[in-house]
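Only one chain is included here, represented as structure tokens and corresponding to the form predicted on its own.
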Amino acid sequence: MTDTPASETTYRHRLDERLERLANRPGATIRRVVRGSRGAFPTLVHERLTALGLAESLPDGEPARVEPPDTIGKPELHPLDFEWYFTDDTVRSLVRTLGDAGDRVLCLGTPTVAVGLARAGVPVTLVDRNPLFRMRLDDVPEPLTFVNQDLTEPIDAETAFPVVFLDPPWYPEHTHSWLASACRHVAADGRIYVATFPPLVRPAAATQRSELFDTIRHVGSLSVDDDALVYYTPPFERAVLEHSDVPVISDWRRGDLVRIDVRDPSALPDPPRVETGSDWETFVTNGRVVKLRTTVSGAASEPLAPIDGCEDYVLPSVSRRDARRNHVDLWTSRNRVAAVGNRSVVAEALELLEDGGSVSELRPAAFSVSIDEPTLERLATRLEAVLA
């Protein structure tokens, strides 16, 4: 489903109505309005509040927490891995809910919840495509079984879990695909919990939710707990806010928790095909996660080059709909991006940094491909800015 001009107009009208109600409540602040905006991104909320003449009259509100919680270590979370982690309070709430619902749990793409369940003594199987989550933990509790794979592929795990919990990327095709995996591994009378996008996250979201809920009703009865899930604001999202007019807002993102009491897991319609997009190679340097597109356009005249509209190399968005993403060949966990003209040179530089080297130590002799000193100096300067 695409967003049409009509849906954009309707969306803005619905969003403006909600923002006006929130802004006129006693004690309203910019941060409270953003948290109550049912998914609309903070920069859009601020833009609409300004257009409505409300932004100047609202105080920013309580200061944001800048440091991540202790439960999220390094390597940092990355937007290409859809890594929005739940806050500690949300994890504790979910551990209670899921643990009370069954004696074994299958977690799809929810590492912090899986770890919380394991630490509470609940046997849990976690399926997640990103092996880096292990590096963020001091230890992996014994009741946790980790299956490292992409969730768009059939899962190599036992069937008939009494409880399945999934937190898919906030797009209907991903949710449907992950739900199909859940249905293949849930007990016939089991329960599925789904983290779901709120209705104002994008113009088509309300319609997409309605269609998704109709699909879910093939499987069983459902109930929705609005705003039950709170997500920590990761560094890549915080970088977007720091380069905007919006005050940095910690833990602003909310999701809805859908509970499905399963009647017939085999009744789910076939899911749509999920486009996996480009392949990326992952590097980790000084806690930063750096993704380098496997096949770059090569349009840049330099090994590494800035992208139009990305001041200080920061992509000012986390939306899949942002057209600037098409030009991104290198993307960091701080949402800094660049185009790549010579992939071999950039890949070798990142390998050297991953092995503990520094940008200032890069020398032409360290590369297997030819690079002259002036070009390397420009590359080093740009790498330093991108990895800041």
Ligand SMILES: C[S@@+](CC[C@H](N)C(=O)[O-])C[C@H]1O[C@@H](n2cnc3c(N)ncnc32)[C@H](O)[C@@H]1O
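Note that residue numbering follows the sequence shown and begins at 1. What you see is a predicted model; the values in this text were computed from it and never measured.
Not pictured, yet referred to below: the form predicted together with the ligand.
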Just one stretch in 255-263, 209-217, 241-249, 147-155 has heavy atoms within 4.5 Å of the ligand in the predicted complex, so which one is it?
-> 147-155
Within a 4.5 Å heavy atom cut-off, is Y231 in contact with the ligand in the predicted complex?
-> yes
Hey, in the predicted complex, is W84 touching the ligand, heavy atoms inside 4.5 Å?
-> yes
Closest heavy atom of T110 to the ligand in the predicted complex, within 4.5 Å or not?
-> yes
Any non-hydrogen atom of W178 within 4.5 angstroms of the ligand in the predicted complex | yes
Looking at T285, T125, S93, N130, which is the one with a non-hydrogen atom within 4.5 Å of the ligand in the predicted complex?
-> N130
Contact with the ligand in the predicted complex, heavy atom within 4.5 Å, among P271, G102, P169, P203 goes to P169
